[in-house]
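Only one chain is included here, represented as structure tokens and corresponding to the form predicted alone.
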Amino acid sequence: MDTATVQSEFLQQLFAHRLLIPSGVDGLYGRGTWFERVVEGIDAAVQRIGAPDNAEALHFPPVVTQHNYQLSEHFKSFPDLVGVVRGFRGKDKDHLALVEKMERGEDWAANFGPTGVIMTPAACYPIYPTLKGTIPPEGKRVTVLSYCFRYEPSLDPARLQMFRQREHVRIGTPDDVREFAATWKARGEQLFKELSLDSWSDVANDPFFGRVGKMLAANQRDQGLKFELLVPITSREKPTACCSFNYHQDHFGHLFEIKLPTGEWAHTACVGFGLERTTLALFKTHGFDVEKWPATVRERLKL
């Protein structure tokens, strides 16, 4: 069976069991009761294994300011994934004209202008602007949960336009970041093992845009700046990344003026768990009835 058929059939099964609720737009779905309970269980499990870090928990809305978004340079690498928020700023007559356009079935989106905010592309992005200045000698650890947006409509249920990431972020020296990476790689592998998921780790790269993006992707892989924990939701030949680690070197430290006590730019790294993807992997592996899942898995997720 080809990949598209496997993904489409799995999506229809999720709809039939009311785990996902169709909205009429590919990659944008409501979530059913059991789906959300599993998502919450995974997030809680990640937080339990990360508790020894004593990370500062921050909370942000799923948008970033246009100013900080531009500082991040995300647009240079991923213009095809960006979601720009627009709003109506017209007067009464503009509103009437807009309603008439809608009633005639004409395009009315041009009547909306910029609001100064961008949909959050990754949960960690709002963190870096808050750290401007010199960090403590021991560095910083931060955790955040957020909905993220990426414009890539698809019938693959594991490739959503809006999804949640639980991220842990390390800010410090290169040695701090290397220790963080090794620790979280082991934690992620152990968690997926306890959830009875067939998973493995591999070096990876981000989906950089265009011809320049191919060089960036090759460089990222060559330097081992990204690795993923992969699970075969569709197939072992085309596995899905349910957890990923990114080492940004001093990129965000420089852009957002985050310094070490030595005066050097701080290095940053993040590990992100895709909560919907991990949930989908569990339903694909253990079936659609959570009450029939292995007792050890249910216990780990407090279900």
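None of these values were measured; they are calculated from a predicted model. One-based numbering along the sequence shown.
Keep in mind that the form predicted in complex with another copy of the chain is not shown, yet the notes after this line are about it.
Visitor: May I ask whether Ala204, Gly287 and Glu291 all come within 4.5 angstroms of another copy of the chain in the predicted complex, judged by heavy atoms?
Guide: Checked in the predicted complex: no contact with another copy of the chain for any of the three.
Visitor: Tell me, which of Leu275, Leu260, Val63, Ala45 has a heavy atom within 4.5 angstroms of another copy of the chain in the predicted complex?
Guide: Of the listed residues, the single hit is Val63.
Visitor: Sort through Ile135, Val82, Ala217, Leu155 and report the residue having a heavy atom within 4.5 Å of another copy of the chain in the predicted complex.
Guide: Result of the distance check: Val82.
Visitor: Although another copy of the chain is absent from this view, report whether Gln70 comes within 4.5 Å of it in the predicted complex, heavy atoms only.
Guide: Heavy-atom contact with another copy of the chain at 4.5 Å: present for Gln70.
Visitor: Is there any non-hydrogen atom of His95 lying within 4.5 Å of another copy of the chain in the predicted complex?
Guide: Yes - in the predicted complex, heavy atoms of His95 and another copy of the chain come within 4.5 Å of each other.
Visitor: Does at least one non-hydrogen atom of Gly224 fall within 4.5 angstroms of another copy of the chain in the predicted complex?
Guide: Heavy-atom contact with another copy of the chain at 4.5 Å: absent for Gly224.
Visitor: Would Thr115 show up as a contact with another copy of the chain in the predicted complex if we use heavy atoms at 4.5 Å?
Guide: Yes.
Visitor: In the predicted complex, which of 228 to 236, 188 to 196, 147 to 155, 173 to 181 comes within 4.5 Å of another copy of the chain (heavy atoms)?
Guide: Of the options, only 147 to 155 has residues within 4.5 Å of the partner.
Visitor: Though the partner is not shown here, which residues of 89 to 123 have a heavy atom within 4.5 Å of another copy of the chain in the predicted complex?
Guide: Going through 89 to 123 in order - heavy atoms within 4.5 Å of another copy of the chain in the predicted complex - the hits are Arg89, Gly90, Lys91, Asp92, His95, Leu98, Val99, Met102, Glu103, Asp107, Trp108, Ala109, Ala110, Phe112, Pro114, Thr115, Gly116, Val117, Ile118, Met119.
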